[in-house]
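The chain that follows stands alone, in the form predicted alone, written as structure tokens.
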């Protein structure tokens, strides 16, 4: 970037203003208009930045997630805003069909990457020891219940890898592995007919996202219809995992989700130890198995990790940023980490002017501004940089962090950016982009002014 960038203080002030504008009482929405509700991993990322300057608000952000927790331990990916204007969203999901859903709020029927433990730990690090223990004691029961739910309901064969039932649970909604499997196993006849007759443009009338963001920067209409179709099928089964798994070919052991879970398990152990609690023996055994099971997602020929299908255990060898997420897990050995860093540093894979692209640039899937199919995202950059630092790849981590901060300094906290040109895309004034930028700057991870 050639022009003079704002000072660190100015960047932080602008990011705080975004978080204040998106504040909605007890929680922070991801962005105005496009995202009017509370999302699980958004709030976790948001709380991490808030903890740098407003610890009470950060704690409130996470506690507000717990109001949507189901009695079986599940944390939903969306808690819907309590407003008559959002009745349509609530009716699409109908979480009340499941007996475990909360009575006082409406939620989705699926989850999202389990970043809660990371957020709890990050807030705890900002507290004095006595307050930290109190905070952990407050959050531990819900956190434990969530981890127990993931293994009980989403790892039915005790393999150490949890399964997902909808692309939205991955957080990387339309990344190539998911779209590949979606088209193979989950395209009903009525959608095939719409696609053949080129009637998919009619879906635009039912989509909120393309009213706020150019269609080329979002999921295409056919894939949006496929996502909606999965919701309808899951809803008919009342969000009951036993019924869902009776006849379901579209279940996925997602690499990113499982890497985040492995790291979350490490944090759960630390939280339990701090407050003198012992993780239940059954869960502790499954946690150990998860770290070992990650090896089953490694492909020796390609020298990288992939997601796999739950039914066949076939690796889905479609490229995406997920390949780098085992760095964040902390569960792989240094030699495997070095192989991933080679990909990160390769100009034919992930080494772009503004890393890290959500799909490697040599992939046929690569789309410079396509939603999760090319742009760089601040949240995945933050996760990868965190993993790199813990493996000692400080130079690579700093390059990612510096690039991320420069993007925000130049354009403001957008949802995502071109990894090649830095052009902003997606929603404006995006909360997790603002929050994580604050965290990166205030923790001294980069001195932009040097």
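What you see is a predicted model; the values in this text were computed from it and never measured. Positions refer to the first chain, counted from 1.
Although not depicted, the form predicted together with ligand GLC is the subject of the following passage.
Participant: Counting any heavy atom within 4.5 Å as contact, can you tell me which stretch out of 350-358, 318-326, 170-178, 273-281 lines ligand GLC in the predicted bound form?
Facilitator: Selected stretch: 170-178.
Participant: Residues 8, 382 and 413 are flagged as a possible site; in the predicted bound form, is every one of them within 4.5 Å of ligand GLC by some non-hydrogen atom?
Facilitator: Per the other structure, none of 8, 382 and 413 touch ligand GLC.
Participant: Select from the listed residues 30, 68, 424, 387 the one whose heavy atoms reach within 4.5 Å of ligand GLC in the predicted bound form.
Facilitator: Contact residue from the list: 30.
Participant: Among 372, 136, 146, 257, which has at least one heavy atom within 4.5 Å of ligand GLC in the predicted bound form?
Facilitator: None of the others qualify; the residue that does is 372.
Participant: Even though ligand GLC is not shown here, does residue 376 get within 4.5 Å of it in the predicted bound form, heavy atoms only?
Facilitator: Heavy-atom contact with ligand GLC at 4.5 Å: absent for residue 376.
Participant: Taking ligand GLC as it sits in the predicted bound form, is residue 39 near enough to touch it, meaning that at least one heavy atom pair lies within 4.5 angstroms?
Facilitator: Close contact exists here: in the predicted bound form, residue 39 approaches ligand GLC to within 4.5 Å, heavy atoms only.
Participant: Taking heavy atoms and a 4.5 Å cut-off, does residue 253 contact ligand GLC in the predicted bound form?
Facilitator: No.
Participant: How about residue 112: is it within 4.5 Å of ligand GLC in the predicted bound form, going by heavy atoms?
Facilitator: Residue 112 belongs to the contact set for ligand GLC.
Participant: Go through 418-432 residue by residue and record those having a heavy atom within 4.5 Å of ligand GLC in the predicted bound form; state none if no residue qualifies.
Facilitator: Going through 418-432 in order - heavy atoms within 4.5 Å of ligand GLC in the predicted bound form - the hits are 430, 432.
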